[in-house]
Ligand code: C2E
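Take a look at this single chain, the form predicted on its own, given in C-alpha cells.
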C-alpha cells in the first residue's frame, strides 16, 4: 500500500527536498511548493492525502493558507512544520480543527528526521487513498454502509434519535476516512448518488427501530452542493412516500458554512423541504460565519454545537462560554440545541446544568452498523425502559 500523494509547502527548498526524499522512502509521491501563491493557484487541480505546511511563509503565511484550505473544503490531512514555539503551534492546531481541517501532526524546525519519518510512516499505513473508480464500484456494489450514533434527551436520558454516518471499508485499503470519500463524491459529481445510498439505508433502519422505540428520528447529512438542486425537495418526498416513511421522523443536517454559501437559494430549497414535514438541523454551529439575521430567516429547528467546543469545555473557559452562549441563543430562538462530542459523564452533567436539550458522543454510544445499533437500543430499553 502506498501513502498516496502529498503537497509540501515551505519557502526553503532544502526543507521541501528533505521532506520529499523521506516521504518517497515511506511510499508517498510528492509535489513541492516554495511559494504560497503558486500553491494557492495550483491547489484546485491537485489531489493529495496529506499537506505539509510551513507556517512562516512569505506572502500568504500559514494561517492564511489554512483559511484558504478551509474555504476549499479541504479533506486532506494537514501537518504543520515551523520554527515557532509549541504554544503557537497548539493555538494554530485548535484554529485549524475549529475550521474543520484534519490535523495529522506538528513538527518544529530544525526538522527531526526520525520524527518526520515516523509521522509519515504512520500516515502512509493508515491513509490509503481510493480512486474514483473505487468509489464507483463501492456505490454500485453496496460497499458503502451506514453506522448510527444515538442522540439522547439530556434531561431524561431517553434516546430520541440517531445520526446516520456513511462508512466505507475498502477491500485493500481498509476503512476510508469519511471526509475523504465524501469530499471525493462532492468534487466528482457523485454526491447525489452517495446521499441517496445513505438515505435509503437510513430510512430502512429507522423503520425497524419503530418496533423498539416509536417515532425515533434519523438524521442524514446533506451536502451543500445539493442545496442548488431545486428538484431535491420533491425527490425526497417521493422516496419517503414510496418507502412509507413519515417525513416527521426524518431530520436533515446542513453545516452552518454550507447553508450560507448561497443564502437565497438555500433558503428556498430548505423552506420547501421543511414544508414537507422534514426537520432541519444546522450542524457544526459556531465554526461558520452566519449572522443572526440569516439564522433567524432560515427554517431550522435545531442547532448542533460543534464537537471542538464541547470536547474542550471543561478545560478551556472560552469553550465553555461559547457552549453556554449557543445554548442560550437556541433557547431564545425556540431552537432545540444538540451537543456533539460528549465523551464523558462530567461533560454530560455540565451540559445538563446549562440546559442543553440533546447530546451525542462516544460516552453515549460509538457509531454502530445495523443490526448492532438495534441490539444496542433493545439493551438500553431493557435496562432503563424507553431510554
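Positions refer to the first chain, counted from 1. Keep in mind the model is a prediction, meaning the values are calculated, not measured.
The following text describes the form predicted in complex with the ligand, which does not appear among the structures shown.
Just checking whether residue 167 would be counted as a contact of the ligand in the model of the complex - the rule being heavy atoms within 4.5 angstroms.
Yes, residue 167 sits close enough to the ligand in the model of the complex that at least one of its heavy atoms falls within 4.5 Å.
Is there a non-hydrogen atom of residue 182 within 4.5 angstroms of a non-hydrogen atom of the ligand in the model of the complex?
Residue 182: contacts the ligand in the model of the complex.
Can residue 163 be called a contact residue for the ligand in the model of the complex at 4.5 Å between heavy atoms?
Residue-level check for residue 163: yes, a contact with the ligand.
Indicate whether the ligand has at least one heavy atom within 4.5 Å of a heavy atom of residue 337 in the model of the complex.
Contact check for residue 337: no, nothing within 4.5 Å of the ligand in the model of the complex.
Looking at 94, 121, 239, 221, which is the one with a non-hydrogen atom within 4.5 Å of the ligand in the model of the complex?
If I apply the 4.5 Å criterion carefully, the residue I get is 221.
Ok, 207, 108, 102, 149: which has a heavy atom sitting within 4.5 Å of the ligand in the model of the complex?
After the contact test, the surviving option is 149.
Determine which one of 33-41, 320-328, 338-346, 63-71 lies within 4.5 Å of the ligand in the model of the complex, judging by heavy atom distances; exactly one does.
Selected range: 338-346.
Suppose contact means any heavy atom within 4.5 Å; which members of 352-372 contact the ligand in the model of the complex?
If the 4.5 Å heavy-atom criterion is applied to the ligand in the model of the complex, 352-372 yields 361, 362, 367.
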